[in-house]
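So this first bit is one chain, no partners, the form predicted alone, shown in structure tokens.
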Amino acid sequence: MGKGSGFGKVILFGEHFVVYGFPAIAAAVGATTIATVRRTSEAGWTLTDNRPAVPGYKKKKYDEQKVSIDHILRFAGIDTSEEGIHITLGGKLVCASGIGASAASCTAIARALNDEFKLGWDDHQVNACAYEGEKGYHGTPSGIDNTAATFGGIVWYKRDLSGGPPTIDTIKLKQPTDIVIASTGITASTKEVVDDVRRMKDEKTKWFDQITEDYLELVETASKGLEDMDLQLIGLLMNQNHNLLIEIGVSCVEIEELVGVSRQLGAWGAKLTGTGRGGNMVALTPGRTLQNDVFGAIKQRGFSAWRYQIGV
């Protein structure tokens, strides 16, 4: 039986902008999806999905998940027409839009196949396989989610729009810091939201160019701020990034409630993370007291929330 894992992630900077070749910064979080693969005598593949999830997530994503697994098997060159496989998913990562659940599962499955079938892949090949799996969920994924899921840590990622390999650099924090991730409970279709943003970009070119110019200055400043461990600056830039995401129409009432309560409780920065129009919010909450205060206030309002560290 083969086994593999993939990290959850939070995007600190760059949702949607990364699709168009602008840099993004993502951080792996301290929870993973675990996959096991065992061979079966019956043809085809079967799945048992035991991952914890927000209500409705797995049902809404199931059709995309089937396409994703087919992509992964095709990339791996595994023929199940005679001898099949059974995939089991588990782990502690809670599936919710914005936490990289699909990428974590793709990476975990790729690693489990690599283990079971002795494919000899290194992490870069695992990442390439996970990217193919992500196409089942996202159509044209940016690649940042599977990269964070595969490599962990904090990742500076820039997509090559000409089709070449992405630029991947790591950023090391001087010490770990605390965050809170909260879920709206709404599962958005990444493909639909990305397509909507693309239409806006095509219809309002000059407007979108100005937004991306502002974003590029922001993310370059953020990279230096992370290296310097200037968390006050990082929080300010997270807030600014969130304002840009509001402008391109990917926030929602629930996200704004989560951002508002986090900032009121003293979070140094708070923004949507991931697709938007639901999904998750991330708040920068250095120190366990602040982290617990923000976490508790969000839970009191009936939302799901998790306490993590980045930079571990």
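Because the structure is predicted, anything quoted here is derived from the model rather than measured. Numbering starts at 1 and runs along the sequence shown.
A second form of this protein, the form predicted together with a small molecule, is not displayed here; the remarks below concern that form.
- Proximity to the small molecule in the model of the complex, taken as a non-hydrogen atom within 4.5 angstroms, holds for one residue of T177, N114, T184, T190, which is T190.
- Not displayed here, the small molecule is kept clear of H242 by more than 4.5 Å at the level of heavy atoms in the model of the complex.
- The small molecule is not shown here, and in the model of the complex it never comes within 4.5 Å of any heavy atom of H71.
- Heavy atoms of V194 reach within 4.5 Å of the small molecule in the model of the complex, making it an interface residue.
- Within 4.5 Å of some heavy atom of the small molecule in the model of the complex lies at least one heavy atom of T275.
- Contact with the small molecule in the model of the complex, defined as any heavy atom within 4.5 Å, is confined among 215-223, 232-240, 74-82, 133-141 to 133-141.
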